[in-house]
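In structure tokens, one chain follows: the form predicted alone.
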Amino acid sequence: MEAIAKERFEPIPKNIQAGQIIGRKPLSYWQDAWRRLRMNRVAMASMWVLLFIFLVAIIGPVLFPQYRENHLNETLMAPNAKYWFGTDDLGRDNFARVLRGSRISLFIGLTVAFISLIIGVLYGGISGYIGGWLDSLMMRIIDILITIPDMIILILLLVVLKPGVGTLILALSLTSWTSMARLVRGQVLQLKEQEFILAARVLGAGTWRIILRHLIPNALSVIIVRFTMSIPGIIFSEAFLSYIGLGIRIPEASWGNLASQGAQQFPSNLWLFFIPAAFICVTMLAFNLFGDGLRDALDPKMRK
């Protein structure tokens, strides 16, 4: 076999600095999640729709405050240049009422979701970390609450208490935190056996410090997704209760009681029913699609 001459080889010069250059800029967990979320066009479109709805809910009632004004000579008018969404049976501007209803419905949905988040995270975190008989007792309480249909509890509370926004928030908050608590408990049961929790115990960290500074932050991605996905269900519950007359009462406006009023005029005045129903559907769909995209973006298994 013929030997290969050394002259046929060209040595590559050593460049230590070139070997130390990082080809890709390092990203934190949240920066990478935002990058992947931006790649999801459906989720980003849903996010912009939600931002627009929030902007309308904040600014709309300020620009159009006449949602309670009656114009008895302009009742049940179809959408036109003066009344973009028409008028109801008392001549009230349906456009102004829909804008006011968006503020009420979104305020109730976000407030109830936030209260459920706090209760569920603390309850599930304590139950999962301490364990033992306390965990069993706390989970049995949740099991009992889950076996009772939510609507029965809501209807009983709304019948006994004075109707209003505060009563509706209280009633919905009492029934919507259990799923968050079970989710957080499952995450804490997985995390509390990790090495960093053992290190925190060895260094003398107390129970509350471990739960609030170590366990909950590491389960934050799952909590955020659950928080986002719970809002459309709460908005629908508020709309349903207002639709059957147990939620927001007239003359105050919400999407639910606006749809209820429109149903009374069905099918002669279709816009009174379909306009608030469309706002409910679009908002729920946007929250669900954004929640799906957020779940994919925060899932480490889908990281590329």
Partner chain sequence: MVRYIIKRFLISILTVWVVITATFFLMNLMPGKPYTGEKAIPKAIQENLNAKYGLDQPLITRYFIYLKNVSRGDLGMSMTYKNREVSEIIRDNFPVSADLGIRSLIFGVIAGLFLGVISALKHNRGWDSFSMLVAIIGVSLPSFIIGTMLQFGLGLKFSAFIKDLFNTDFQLFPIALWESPWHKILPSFALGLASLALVARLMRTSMLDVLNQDYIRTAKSKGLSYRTVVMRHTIRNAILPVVTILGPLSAAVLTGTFVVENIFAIPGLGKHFVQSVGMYDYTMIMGLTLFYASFLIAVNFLVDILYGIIDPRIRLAKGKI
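Values in this document were obtained by computation on a predicted structure and should not be read as measured data. Numbering follows the first chain given and starts at 1.
Missing here is the form predicted in complex with its partner chain; even so, the following discussion is about that form.
When its partner chain is considered in the model of the complex, residue 132 lies well away from it, no heavy atom lying within 4.5 Å. Within 4.5 Å of any heavy atom of its partner chain in the model of the complex lies no heavy atom of residue 73.
Residue contact with its partner chain in the model of the complex: residue 244 places a heavy atom within 4.5 Å of it. With a 4.5 Å cutoff on heavy atoms, residue 59 does not count as touching its partner chain in the model of the complex; it lies far away. By the 4.5 Å heavy atom rule, the three marked residues 110, 184 and 189 all fail to count as contacting its partner chain in the model of the complex.
In terms of contact with its partner chain in the model of the complex, the residue from 90, 155, 222, 165 that brings a heavy atom within 4.5 Å is 155.
Proximity to its partner chain in the model of the complex, taken as a non-hydrogen atom within 4.5 angstroms, holds for one residue of 64, 30, 54, 266, which is 266.
Along 114-153, a non-hydrogen atom within 4.5 Å of its partner chain in the model of the complex is carried by 144, 147, 148, 149, 151, 152, in order along the sequence.
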